[in-house]
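Below you will find one chain, with nothing else, as structure tokens; this is the form predicted alone, and questions on how it binds or moves follow later.
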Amino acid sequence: MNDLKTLRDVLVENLERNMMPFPVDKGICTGWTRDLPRSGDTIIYTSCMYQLAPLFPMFNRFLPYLSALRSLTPLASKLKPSEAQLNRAYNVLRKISNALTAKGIKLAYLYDDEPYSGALLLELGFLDEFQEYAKKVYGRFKERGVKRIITVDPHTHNALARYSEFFSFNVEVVNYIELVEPREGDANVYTIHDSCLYTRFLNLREKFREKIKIKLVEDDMVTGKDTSFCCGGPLAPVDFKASEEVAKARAKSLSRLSKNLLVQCPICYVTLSPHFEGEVKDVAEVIL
């Protein structure tokens, strides 16, 4: 198990400094659009999750050495996903943004001012630190006149949904899947790995199935609401080896159903892709 105290201290230090969990080139986060206005009462909120997720496996391999190599943490800002990884992430975000705009929603985006949600603090159990940071994020939203937030990933959505447990949070939070009009999917047959957060905590499992207009191969013991299990990704900051074992087992069970896999989360994508025997796509890549 990694040194969680040092990890907590590094997270808090970076969040206080630049409202990101580690040093980041903000250009990576914002490069997917130049067309959206910088202000408005409704924003699309990426929390830089899709853009940075390709780097998470590399960071997780570094964490066992964090205590000894903490002084090297600023070098993280030099790391970038590959061009192909960024293009894929940007394509997902553009598809979601375009689908929302097509529904007549006037979107804004905070660009360099978009803060990270604090999801990692919450999921690692650093609740006091999460509360303090979440208040700061809320302050940023209020400064920018934000009244409605449209999320694109489960970890960010869950973090915002939990804000009101810690303080009065008066901003509407809605997920993109609740708003978009999907197109007919391709002719491939897919199976699906549901986000644990969407399924078990945010009541969005059936909303995704309602919007996915393609043939899904399911098995109650593999994709059932109560029997499916985690991709392993959220465990990686605590124990990367254990996370990898969970991911291998999950990918193996899904591979038996189809060689085409749909996921709903950028962490699920980067965690399962190396182990899945076939092609993995985000839902937004297929239905929007």
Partner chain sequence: MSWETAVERAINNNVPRVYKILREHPYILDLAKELREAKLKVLENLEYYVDKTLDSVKRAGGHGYLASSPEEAREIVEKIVGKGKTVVMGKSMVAYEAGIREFLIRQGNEVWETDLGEFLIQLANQPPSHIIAPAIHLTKEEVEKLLKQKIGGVHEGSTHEELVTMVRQFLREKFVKADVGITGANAVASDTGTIALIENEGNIRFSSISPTVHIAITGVDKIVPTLADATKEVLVQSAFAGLYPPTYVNFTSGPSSTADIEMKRISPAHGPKEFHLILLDNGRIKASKDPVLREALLCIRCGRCHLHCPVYRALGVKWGDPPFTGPMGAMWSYVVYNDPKPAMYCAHSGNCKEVCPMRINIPRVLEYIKWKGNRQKA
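Computed from a prediction, not measured in an experiment: that's the story for all the values here. Residue numbers count along the first chain shown, from 1.
The same protein also exists as the form predicted together with the partner chain; that form is not shown, yet it is the one meant from here on.
Here is the short version: of 102, 217, 127, 75, the single residue with a heavy atom within 4.5 Å of the partner chain in the predicted bound form is 127. Shown without its partner, this chain lists 165, 181, 172, 206 as candidates; in the predicted bound form, only 165 has a non-hydrogen atom within 4.5 angstroms of the partner chain. Only one of 28-36, 221-229, 58-66, 45-53 places residue heavy atoms within 4.5 angstroms of the partner chain in the predicted bound form, namely 221-229.
Within 4.5 Å of the partner chain in the predicted bound form, a heavy atom is found for all three of 5, 155 and 235. Looking at residue 70, you'd find every heavy atom of it more than 4.5 angstroms from the partner chain in the predicted bound form.
Interface membership of residue 256, defined by any non-hydrogen atom within 4.5 Å of the partner chain in the predicted bound form, is confirmed.
Using a 4.5 angstroms threshold between heavy atoms, residue 201 counts as touching the partner chain in the predicted bound form. Using a 4.5 angstroms threshold between heavy atoms, residue 132 stays clear of the partner chain in the predicted bound form.
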